[in-house]
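Below you'll find only one chain, the form predicted on its own, shown as structure tokens.
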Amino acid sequence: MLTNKTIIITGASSGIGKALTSSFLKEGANVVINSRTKSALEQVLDENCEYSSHIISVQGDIGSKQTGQALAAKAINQFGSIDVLVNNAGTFIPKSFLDETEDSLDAYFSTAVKGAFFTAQAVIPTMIEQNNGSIINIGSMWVEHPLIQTPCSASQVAKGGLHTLTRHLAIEFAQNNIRINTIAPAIIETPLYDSLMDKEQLLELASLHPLNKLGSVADIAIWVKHLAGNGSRFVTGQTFFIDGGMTAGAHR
């Protein structure tokens, strides 16, 4: 049960993060959301106005240590606990290795590595006091399964760091009953993809998966809620590939 549990979600203004916010609120949880864009956060708050007493926001760049600290402080001040952190913030833009720049690599590392690292660092002391907590990192299938159709080395070097962080924190804080796991999606249909590609291109991407379809934000929400709840109390340090069969092997 997630009723009255406090969930922090980074990158919550669109796509997976936005869907997770609504899903957790419907479960009766308290949710603290983050995005760097004020107007986007306000839209999420408006769309969930019926849960206004259970949702608060913190604007800021998650790559800044101060943003993670602000999220933890606001969760404690408003709701009195931090039960779950979802490190969801990130972006994905396929680009050739030779076309990547220092700025783009820095941006990927700032969000995926620094953001997750310092936000986890901000919430874990409270989870230690509670002797309970769950951190769920949103990684990527491409870390383990590159595709020639979607070159993305810069983003995946960063996401690979996030996968590694999962295992190290899982071992270090297992003694405190804090579980840390990664969910690694393949192609999830979100507004990000809709803005990058037309329908024909999306259908072509769907065909890359053995199940011949794209994932949905609901597919990810189901797994995040499972890892956030008591049903996964004996699971830590794992990476779950929600990828339509992609990492199982080539299918054509």
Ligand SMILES: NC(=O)c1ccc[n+]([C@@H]2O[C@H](COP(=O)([O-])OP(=O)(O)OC[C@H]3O[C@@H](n4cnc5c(N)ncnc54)[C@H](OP(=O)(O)O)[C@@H]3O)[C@@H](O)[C@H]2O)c1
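All residue numbers are counted from 1 along the displayed sequence. On a predicted model such as this, the values are computed, not experimentally measured, just so you know.
Keep in mind that the form predicted in complex with this ligand is missing from the display, and what follows is about it.
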Can Gly60 be called a contact residue for this ligand in the predicted bound form at 4.5 Å between heavy atoms? yes
Evaluate Gly133 for contact with this ligand in the predicted bound form, applying a 4.5 angstroms cut-off between non-hydrogen atoms, and reply yes or no. no
Partner proximity in the predicted bound form: Ser14 to this ligand, non-hydrogen atom cutoff 4.5 Å: yes
Give a yes/no on whether Ala116 approaches this ligand to within 4.5 Å in the predicted bound form, heavy atoms considered. no
So which of Thr37, Ser207, Ser52, Gln66 reaches within 4.5 angstroms of this ligand in the predicted bound form, heavy atom to heavy atom? Thr37
When this ligand is placed as it is in the predicted bound form, which of 72-80, 88-96, 124-132, 170-178 ends up with heavy atoms within 4.5 Å of it? 88-96
Members of 168-188 lying within 4.5 angstroms of this ligand, judged by heavy atom, in the predicted bound form: Pro185, Ala186, Ile187, Ile188
